[in-house]
Ligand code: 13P
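This document opens with one chain alone, in structure tokens, the form predicted on its own.
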Amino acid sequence: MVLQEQQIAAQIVEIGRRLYERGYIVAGDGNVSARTSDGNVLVTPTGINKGFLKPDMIVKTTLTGQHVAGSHRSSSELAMHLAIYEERPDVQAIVHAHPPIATGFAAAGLALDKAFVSEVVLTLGCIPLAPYGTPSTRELPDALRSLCHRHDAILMANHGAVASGPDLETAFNRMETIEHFARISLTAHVLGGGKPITGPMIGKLIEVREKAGLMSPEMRCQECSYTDEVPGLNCPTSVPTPVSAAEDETVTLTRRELIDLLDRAAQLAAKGNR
């Protein structure tokens, strides 16, 4: 590996150690990846405890999943990482783990989509629940494609969580935030139910995070109900299209996006009948 790739590999090893020490993964769970300057990807190997990796165990592949270097096989969930990289050119690193409390929410079919903590609204927004997809198949990356454009942190039904970012440190910090917020949400439920931030207060937080560059305007309307309460929230209505999308490819829309499209179609039809 060149020097820059050696540094990235060392960072991946460090992230794996932290995930294991915090109990976010056990045994061969989880996977971590990062882009390289030559347009390829470094990713953790399959079947090895990520808490005890060494830099020379890290695997290099292309963005289409072809093996480039490394004596081990790449993660069996590499396709999930590659799907996010394809949809999000700004993402440079991805962390997937099974943090216990957050994964409990995912197993219960619950998203972390209540505005209980201002810092979470500022840094992540809501954390949606992607539908179940069988690990190591196309089901899993396909389940994430429609959500990853507007979310840097996603729960996966009956599976775990995935966090992405501009670098490995940020992606790991977002994974920590997922589990921390899951603990807070569970505690609030045990104490009789949380009292979420509402309406105009959420609008102020969205303004703050966009002015501070914490999240882009394109991500202000996420897969959660609390943004519906924000007066005058201007949601982008364009539906991102994968670079490799074919004309006959299945396109998944969120409920909000579908309603926006139907509204615009109705408006165009009304104008045409005048």
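The shown structure was predicted, so the numbers you read here are calculated from the model rather than taken from an experiment. Numbers for residues come from their place in the sequence shown, where the first is 1.
The form predicted together with this ligand is left out here; the points below concern that form.
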| query | finding |
| --- | --- |
| Full three-residue contact with this ligand in the predicted bound form, heavy atom 4.5 Å, for Asp29, His98 and His159 | yes |
| Gly47, heavy atom within 4.5 angstroms of this ligand in the predicted bound form | yes |
| Non-hydrogen atom contact Ser76 with this ligand in the predicted bound form at 4.5 angstroms | yes |
| Residue stretch of 125 to 133, 84 to 92, 200 to 208, 68 to 76 approaching this ligand in the predicted bound form, non-hydrogen atom distance within 4.5 Å | 68 to 76 |
